[in-house]
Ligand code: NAP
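A single chain comes next, written as structure tokens; it is the form predicted alone.
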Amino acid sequence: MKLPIPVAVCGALGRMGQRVVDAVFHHERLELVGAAERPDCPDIGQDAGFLAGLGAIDVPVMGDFAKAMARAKVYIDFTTPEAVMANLRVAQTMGLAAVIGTTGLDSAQQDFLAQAARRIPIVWSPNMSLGVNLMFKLAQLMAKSLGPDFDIEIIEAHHRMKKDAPSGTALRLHEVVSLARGLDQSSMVSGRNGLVGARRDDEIGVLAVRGGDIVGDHTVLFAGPGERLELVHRASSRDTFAAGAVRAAVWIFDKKPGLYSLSDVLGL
């Protein structure tokens, strides 16, 4: 019988963090050994399981990343771009494997992520849903197969508290369909207003909707002459993303340094 993989969770008391704590705790191949939060969190010292609704599990929430990671081999990070960078600096020195689900990383932060991946294995995905990562593959296939006669529009919707727009998933969808069409970043049009003129042939619209408690909806619309296709994914629970994160944690445990995606985890 294989020994369990020791895992710690960063941002353990956030909306996603609590679902990841629950998913790690209940996964047969993983052992929850650490929980990290920002140093000024009022619940530092409290039991992470109790705060996540699991009851006491003897894993205290810590405000020091290194101390929270002391027993871990893999950590899962759903925090902020700034916290991700700070955590990675320490993770490299500790030789930890990382699963990162944080979105909104700018180009400099993505460059740092790639540099860190030369020393440790990292899975980074703008969306940890298994279905969404299959959607990336299908969107690429549809964009290539349907060709330029079909206009492409991407619509995403999230809860009113989401800070970045468009979502990381929408940006990734734009990337994959653009590459399939031989286009670049300049093809993206984020919203339209006023007399914008006729749609360009090389234009891909990306619209962000914010409201209520929407977990995450993404639609890729292919509009052609006389017909329309829609590729749609709707997340109804954050457990969807937690499930992808724990699957990535199991997969990356024994991998060599490198920057991986959830598509690598799924073998797509």
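Quantities reported herein were computed from a predicted structural model and do not represent experimental measurements. Numbering starts at 1 and follows the sequence shown.
The discussion below concerns the form predicted together with the ligand, not included here.
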{"item": "Single option in S190, T80, Q109, Q140 placed near the ligand in the predicted complex, where near means a heavy atom within 4.5 Å", "value": "T80"}
{"item": "T103, P126 and D164 each touching the ligand in the predicted complex (heavy atom, 4.5 Å)", "value": "yes"}
{"item": "Exercise: C10 in contact with the ligand in the predicted complex, heavy atom 4.5 Å", "value": "yes"}
{"item": "R15: touches the ligand in the predicted complex, heavy atom cutoff 4.5 angstroms", "value": "yes"}
{"item": "is_contact(F241, the ligand) in the predicted complex, heavy atom dist at most 4.5 Å", "value": "yes"}
{"item": "Residue contact check: H27 to the ligand in the predicted complex, 4.5 Å heavy atom", "value": "no"}
{"item": "Which of 193 to 201, 177 to 185, 155 to 163, 112 to 120 lines the interface with the ligand in the predicted complex (heavy atom within 4.5 Å)", "value": "155 to 163"}
{"item": "Partner contacts for 19 to 44, taking the ligand in the predicted complex and a 4.5 Å heavy atom cut-off", "value": "A36, E37, R38"}
